[in-house]
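Taking the form predicted alone, here's one chain by itself in structure tokens.
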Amino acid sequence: MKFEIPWPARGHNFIPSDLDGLQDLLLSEAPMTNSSFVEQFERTFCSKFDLKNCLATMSCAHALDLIALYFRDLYGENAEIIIPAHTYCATAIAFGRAGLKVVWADIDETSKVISMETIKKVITKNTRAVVVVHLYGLIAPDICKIAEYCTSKGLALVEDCAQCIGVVRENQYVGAFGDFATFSFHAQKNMTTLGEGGMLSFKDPGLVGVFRGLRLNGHRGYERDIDQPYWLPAMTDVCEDLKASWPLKSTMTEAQALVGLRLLDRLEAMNKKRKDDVMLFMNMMKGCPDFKFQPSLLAESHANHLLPIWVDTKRVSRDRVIEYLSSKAKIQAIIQYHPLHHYELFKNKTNCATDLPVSEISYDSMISLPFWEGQTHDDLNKITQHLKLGLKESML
């Protein structure tokens, strides 16, 4: 089916200044990966968002992999890691693949993200870490409480900030509340390093060497005597940074890092464009009480990454709304992913309780509308007009 307003393949367009210096880099003889621009990108990212230590990776999923490998070495297999069932699969796959026990947490009915209450319901004596996903661009409203609780209980806190870059709660940037944080620069995110890319942040400076090794096949330079030839004993050593885990390869290219540096300069402007568009959309949707939104959709604690809405399924058929949008208006609304405990992969590989009523209701009632930084006002106007028409035709 051909859509007039398709689901966007990217989160934003590039402008010429985003690519400044890229041609010179590609035509030079400078290193192509994991060199000076990557280091500059890491330092700038740390400084901009008040983070302690940052390492660029191939993806947010790889950043999660590095944390999971560290947890397996630290806690041993079968340690319990609490993860919201309502998230993208990569959040959980990393910890399951490392041999850790995934424990599903439900989400809050209003915010649609994990909360202090839903975490406490699944805490056990075997819990070692909590993963908070700031979904759709919203910093979890309970993040301060969760951080304090995890500290008091000796639990590690991981923030999955894939959809929530550059926003603030309680005068603190997202990613700075936990012990670890991950960010995504995938093509559909609020900023992208040429389609893929990620960042790992962590508070403990003692882990810099560990994660650098894990990120690059365990490579370390040999410690040579001052008079020893540079070529002996070999180019690099290959080290065992963790006893229980093999290293992997997840480095960022210089071209990606250079573009990332340029985009950091205009991230606030891109996020503001999203926020302004959401405000316009919500103003146009006034008078439609059967549609609900995340709270703080326009506050500084929301990156407005996506534009999800939830319908009252007692009064409205969600599927009929989407059918109307797709067939009559040629607008490609979608449903975000199943709660993860529904997928056969997780059914077969996890063995934990799945009493997650809010996640189930959220899935059954949500519609994700096409939305990106390049959205035109004409597109937003068309979406709102047809949402209202679709609502009339979908009442139960």
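Quick caveat, the model's predicted, so the values are computed rather than measured. In case it trips you up, residue 1 is the first one in the sequence shown, and so on.
The form predicted in complex with a small molecule exists for this protein as well; it is not shown, and the discussion that follows is about that form.
Within 4.5 Å of the small molecule in the predicted complex, a heavy atom is found for every one of 60, 88 and 133.
At a distance threshold of 4.5 angstroms between non-hydrogen atoms, residue 64 is in contact with the small molecule in the predicted complex.
Mapping the unseen interface onto this chain, residue 260 falls outside it, with no heavy atom inside 4.5 Å of the small molecule in the predicted complex. Though the partner is left out of this view, residue 304 does not reach within 4.5 Å of the small molecule in the predicted complex, counting heavy atoms only.
At the 4.5 Å threshold, heavy atoms of residue 101 stay clear of the small molecule in the predicted complex, well away from it.
Note on contacts: among 162, 82, 174, 214, the single residue with a heavy atom within 4.5 Å of the small molecule in the predicted complex is 162.
Contact with the small molecule in the predicted complex, judged by any heavy atom within 4.5 Å, is made by just one of 274, 169, 189, 72: 189. For the small molecule in the predicted complex, the listed stretch (235-243, 290-298, 74-82, 180-188) containing residues with heavy atoms inside 4.5 Å is 180-188.
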